[in-house]
Structure formats: structure tokens, C-alpha cells
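Shown below, as C-alpha cells, is a lone chain in the form predicted alone; questions about how it binds or moves come after it.
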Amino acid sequence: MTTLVASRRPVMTLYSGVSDPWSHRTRIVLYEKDIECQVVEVDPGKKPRELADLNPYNEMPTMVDRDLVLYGSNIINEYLDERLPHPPLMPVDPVSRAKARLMLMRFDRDWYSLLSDIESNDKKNAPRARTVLRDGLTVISPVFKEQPFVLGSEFSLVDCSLAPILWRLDYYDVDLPRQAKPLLDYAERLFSRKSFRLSLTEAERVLNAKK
């Protein structure tokens, strides 16, 4: 399936998985910035031939911007933020930007790395991964008693990265405890954003049973 983020003819094309969280966080960025982009929804079992030519890992998301080909959702997201800087989704000063990048790296290493085990339903690894994800999210929950978003008062790429995981908690069978209510309130703020609602594919809409 191919969709357009904007009505004018786009110069960018994004090959995006229909339901994976890595592609999802890049789609959030596209809609947050209202970027003109052709989004090609890719079924992982039916990848287009050109994807392997564009990306040596033959994976999504993959972005083509004229002669430039990018892959790796965090790389794509930072490129989009720098290429079209309004609204900015990363801090301006170098120290804050470095801290944001560290958080993005930790999300990938600590939480995104668990998702394959969770989805495998392996009797040993899946429950362990769910527990690690639940506990990690619960630990950061108090942050949202003091501020609306991860970095403070402004929505950022860090929020774009966390939103897809929070949307899929029901699908991952991860139940957060009562003390994680500030995090759940934060999730509702994310889900209510226009960019988030527009970013959802049909396959992703059903991943959150409460919505």
C-alpha cells in the first residue's frame, strides 16, 4: 500500500513496515513535521525487489531522498529533523542533544532489543523480556509527574521512539503496575497527538485493545 503524507508530489520515499515499531517511529516524525513523502507500506513477507538493492540489510524503514538512501530509523529521524528543522525535535545545544542521543541508544539497547523475544512467545525468553520491559518502564514513570515529555516541556525524537512501544503494550502482554500511572498518562498525551493518530497503519490500530 502506498500513501502520501502531503498532497504535493513528494521527493522522498519511505519503505515502511506495516506494523513494526521501528518504522512506526519514523512515520510519527513524518507527520509531526508534515513532510511531503511517499510512504510505501511493506509486508515483511512480500518485500519489493528494489528494497534489497537500496538497503544491504533488506529491512524497514528505508528512506530515499533523491540520490540519498538511508536506513536505521534513528538515523532517518535525525536526518529528517536536520533537513526540515521546523518544528525542531531535538534540543539545540550540544550537551542536551548528546543526552537525547544517549536516551535513544538506551531505548534501543534496553527495550527495542527485547521485542523479538517478546513476540517469539518462547516460554523462557518471552516472560523474562516482558518483565524487563515492564520494570524499565515503571522506573521512568515518576519523570512524568514533573514534566509532560521525556526531555521536558517539548515533544522530541525521544518521545517518537517511546510512543510505538507504549502503543503495543497490550499486544506484548505487558501489564504496568499502578505506580506507573504517570507513564500511562504520558502515553495518552502521545496517542492524542494528531501526528500519532495519522501515523497508525490499519494493522497497528488493532494492536492497542483499549483504543
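In this text, residue numbers run from 1 along the sequence as written. Please read all numbers here as calculations on a predicted model, not as lab measurements.
Beyond the structure shown, there is the form predicted in complex with a small molecule, which is absent from this document and is the topic of what follows.
Stretch-level contact check against the small molecule in the predicted bound form with heavy atoms at 4.5 Å: of 158-166, 40-48, 143-151, 174-182, the positive one is 40-48.
Remark: residue 191 does not count among the residues lining the small molecule in the predicted bound form, judged by a heavy atom distance of 4.5 Å or less. The closest heavy atom approach of residue 60 to the small molecule in the predicted bound form falls within 4.5 Å. The closest non-hydrogen atom of residue 91 lies beyond 4.5 Å of the small molecule in the predicted bound form. Mapping the unseen interface onto this chain, residue 24 falls outside it, with no heavy atom inside 4.5 Å of the small molecule in the predicted bound form.
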